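In structure tokens, one chain follows: the form predicted alone.
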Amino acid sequence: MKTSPVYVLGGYQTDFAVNYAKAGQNFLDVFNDTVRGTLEATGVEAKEIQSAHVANFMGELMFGQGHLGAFFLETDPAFAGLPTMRHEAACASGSVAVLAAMAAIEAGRYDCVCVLGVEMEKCLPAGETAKHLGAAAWVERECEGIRFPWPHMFSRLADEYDARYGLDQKHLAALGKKNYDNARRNPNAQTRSWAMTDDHFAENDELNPVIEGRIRRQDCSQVTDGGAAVLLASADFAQRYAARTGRALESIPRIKGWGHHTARIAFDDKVAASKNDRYVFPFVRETIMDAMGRANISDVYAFDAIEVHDCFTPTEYMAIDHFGLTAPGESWKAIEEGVVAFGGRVPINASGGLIGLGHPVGATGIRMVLDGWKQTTESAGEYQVPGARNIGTLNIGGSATTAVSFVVGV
């Protein structure tokens, strides 16, 4: 189906190293910082925004607050009466918010829409936070007696790869190290100043202790306070914006393609359904292929870079072969050959990803789109991929239950 183009005017990400809770601030501070930063970064006035979407996973659980869309009206008096809505799809909350905003623009309802993701994850003790994060699984069936549900679940993904194809732990460690190294170039990365040695990525029980099963500390994404937002626009609005900012419409990135699939919520059910398939998560592969097809991209090497959901290193390992950078089960080849390294043929997570940059759950999918905008406008600074024109994303919620992929490009 032919739809109207949706342009990305830019946006803003908070510094993911900031611990808002420790600083005595709350979610509204994150909210305000992100919205106001977006207005300043893009030069769009609050009165020009016609609708807003908020992505958040744990507001009610972490800080006892729902109805988050209404808080847009607390950030600027010009938002009075602004139609807003809130979206939740676990770690894919940000991407489904982008999809909803896109649909409103494509339908002709609005010309300029703000999509914001916000999360406070450091305001409770670690054990309570881990329990609340587990709400994205089938709690009664999958989390009973499990201290850390997600390390447990994605350790099982590594086990599945090992059973089907063989898996060397050193390749997972290499992905973790790559993402920490990439994060050093990113001024907003949570781990940019962390002192790490090779021993931190080895099977070293002191520096890199086991969390669950195959998952060690440096295989894990970060617990993060933070926000990210993008402004999406119709062609008409983008044309006017281009004219007043002195640029050509063709230079403004747009969302060229998208894919979105939902699988059964339980990990066991997903794996059982794929037992005769080449891919561990065939619906993730379909999501990526849908995005590429809508963008008229037939070759994965047409991507200049990819941002993937490395909530744990096995997830990025899965993403490599599901994007088609290798045959199924051969992701290790792209790691050993440097294909996915910064400076490689298709860098993955030049930003540092969830492991190095940080993972405020509801903001992650939006942050990926923002990084697509940064790369394709040569605005990524020290982590810029030279000449980037097409950036792919993969954002997942739960044990890859909700999968969303975008192609951002010029």
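Sequential numbering from 1, following the sequence displayed. Values in this document were obtained by computation on a predicted structure and should not be read as measured data.
Below, we turn to the form predicted together with another copy of the chain, even though it does not appear here.
Tell me, yes or no, whether R109 is in contact with another copy of the chain in the model of the complex, where a contact means a heavy atom of each within 4.5 Å.
Judged by the heavy-atom cut-off of 4.5 Å, R109 is in contact with another copy of the chain in the model of the complex.
Spell out, yes or no, whether the shortest heavy atom distance between H152 and another copy of the chain in the model of the complex is within 4.5 Å.
Output for H152 is no: heavy atoms all beyond 4.5 Å of another copy of the chain.
Quick one: does F57 come within 4.5 Å of another copy of the chain in the model of the complex, counting heavy atoms only?
Because a heavy atom of F57 falls inside 4.5 Å of another copy of the chain in the model of the complex, the answer is yes.
Given that another copy of the chain is not shown alongside this chain, does Y165 nevertheless sit within 4.5 Å of it in the model of the complex, heavy atom to heavy atom?
So Y165 does not count as contacting another copy of the chain.
Which of G381, G343, G43, G64 has a heavy atom within 4.5 Å of another copy of the chain in the model of the complex?
Of the candidates G381, G343, G43, G64, G64 is the one lying within 4.5 Å of another copy of the chain in the model of the complex.
Contact assignment for another copy of the chain in the model of the complex, among D205, D199, E140, E128, heavy atom within 4.5 Å:
After the contact test, the surviving option is E140.
Based on heavy atom distances of 4.5 Å or less, which listed stretch (300-308, 316-324, 99-107, 113-121) is in contact with another copy of the chain in the model of the complex?
Within 4.5 Å of the partner lies stretch 99-107.
Is every one of A80, H87 and T402 in contact with another copy of the chain in the model of the complex, taking contact as a heavy atom within 4.5 Å?
Spot residues vs another copy of the chain: full contact, yes.
Give, in sequence order, every residue of 122-136 that has a heavy atom within 4.5 Å of another copy of the chain in the model of the complex, or say none if there are no such residues.
Residues within 4.5 Å: A135, A136.
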